[in-house]
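We give structure tokens for two forms of one protein chain below, kept apart as structure 1 and structure 2.
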Structure 1
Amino acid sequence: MIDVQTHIRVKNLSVWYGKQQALNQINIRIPDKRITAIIGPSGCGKSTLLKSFNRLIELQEGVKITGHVLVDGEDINDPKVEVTHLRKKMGLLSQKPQVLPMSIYENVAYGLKIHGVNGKKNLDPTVEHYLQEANLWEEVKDRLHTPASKLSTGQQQRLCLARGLAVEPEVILGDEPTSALDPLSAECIEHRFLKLKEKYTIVLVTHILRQAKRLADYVVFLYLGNLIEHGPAEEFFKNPKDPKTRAYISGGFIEETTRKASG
């Protein structure tokens, strides 16, 4: 069994967008230094759950949140929580890479400077280190001061990974981070995740079951805003307990036996 040591614990979390309920009473723990995959059909609440971990969800208009998300034992929805500090703990990779309108070098140095790392002597080796971590250094070391926008989409996503790692997060969140990439770039990102889980807790939203099977140590299955089943990946895929899980894994039709979260 997977250990239960965790940075992130979710207790009775429900989320509404206006009158539409997106998540219904979610209770889970995310295991440390493992890859957790959040899976389920489109619109089931995967991204909503992920963005609840770093409070990006509250940027949506008309959002209502009840319940608790505990990060290192602290309820992140408490008004006293410093959001900037929280998001430093949580690196986020979006579906499409969001490079900053500056050079490759400055993209990685940006967060370092915000957190007090300055001067070429300090920045140069640190920028190189995190570009190495993202498996990008060899491809860009001779053009560090060219615009990041000139990189391919796959390279841009690895640059975003390097930028996120540079502020030393505890958790890496990925919202379908390979969905916009070509197969080779996607494979490169996947290999990085498998290496990075030695140091980081990684939580990925994916709609690709094959990817979840390749990468995940732990799986969370959502359907219509409800948590249907979760557990260690090997057990989850080999011996799913809920009929909806079995249907989803096999590509079959999921019977509507769970009341839709929106009512």
Structure 2
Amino acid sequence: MIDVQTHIRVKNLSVWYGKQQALNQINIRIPDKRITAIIGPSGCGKSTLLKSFNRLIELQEGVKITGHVLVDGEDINDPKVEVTHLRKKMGLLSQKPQVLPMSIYENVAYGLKIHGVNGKKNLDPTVEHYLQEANLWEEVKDRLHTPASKLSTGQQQRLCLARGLAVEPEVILGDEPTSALDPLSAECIEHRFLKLKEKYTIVLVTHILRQAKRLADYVVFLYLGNLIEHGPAEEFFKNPKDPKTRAYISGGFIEETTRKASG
């Protein structure tokens, strides 16, 4: 086990969408100042888990949550918790990059203004800084005040990264943050994450096993809403304990293993 220091701790977390259960009794500790990768096949509950960390999940119709998510020792579902503070602290980059209906500049400035940064003098350098962090500055510096929706999908994804970083979260929750990027930009963002983990705790959902191997210090493997296996990356990839994990990381079909295991 790496470090004991942990920002986020999940205890017996279950989530239902209506009658359908999306997460079943999840227990994990997310190590601080590390990159934790959440992997698993499509529909296994990765986004659901991530959105449980900043309570975005409760916006869904008919969602039911049991169990606890503790951030800094505090249950985030406690009525005392100010949800806007929680969400500022837990920056989420959602799976589908969603720009806001405003200019490129305003997109980055939006979160800043909400949290009290005002005035061109304060905003301008900050906006530039985070656009550079997201590796987008060079492409957009001459058209900062044009609509963000005109950017390409990959550029939008990087804009969302810049916007997310600009509010200075303590934890970055990335839901496949490089899914819309070309290999070069993806690599660039990956490097960025490796740097960012010095300052931030990072949780990344990824479909790309190689990406998980390249980046992750810690790996969480979900399957059909269940936590199958989790552990330090090296061990996880070298010595997977569960047959399902073994099948998944060797590219085999889990279905087959499960069928064999059960019958």
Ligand SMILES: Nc1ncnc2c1ncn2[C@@H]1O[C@H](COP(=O)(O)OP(=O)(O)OP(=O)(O)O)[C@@H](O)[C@H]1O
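All residue numbers here refer to structure 1's sequence, counted from 1. From a predicted model like this one, the values you see are computed outputs, not experimental measurements. Take the two forms, superpose them, and find the largest set of C-alpha atoms that agree within 1.5 Å; that set is the rigid core.
Between the two renderings of this chain, the form predicted alone is found in structure 1; structure 2 comes from elsewhere.
The rigid parts of the chain swing between structures 1 and 2, and the hinge residue from S47, I26, P169, A37 is P169. When the larger part is held fixed by a C-alpha superposition, the smaller rigid part turns by 9° between structures 1 and 2. On a core-based overlay, Y105 has a Cα shift of 4.1 Å between structures 1 and 2. The two forms line up on their rigid core, and Y130 then has its Cα shifted by 3.5 Å between structures 1 and 2.
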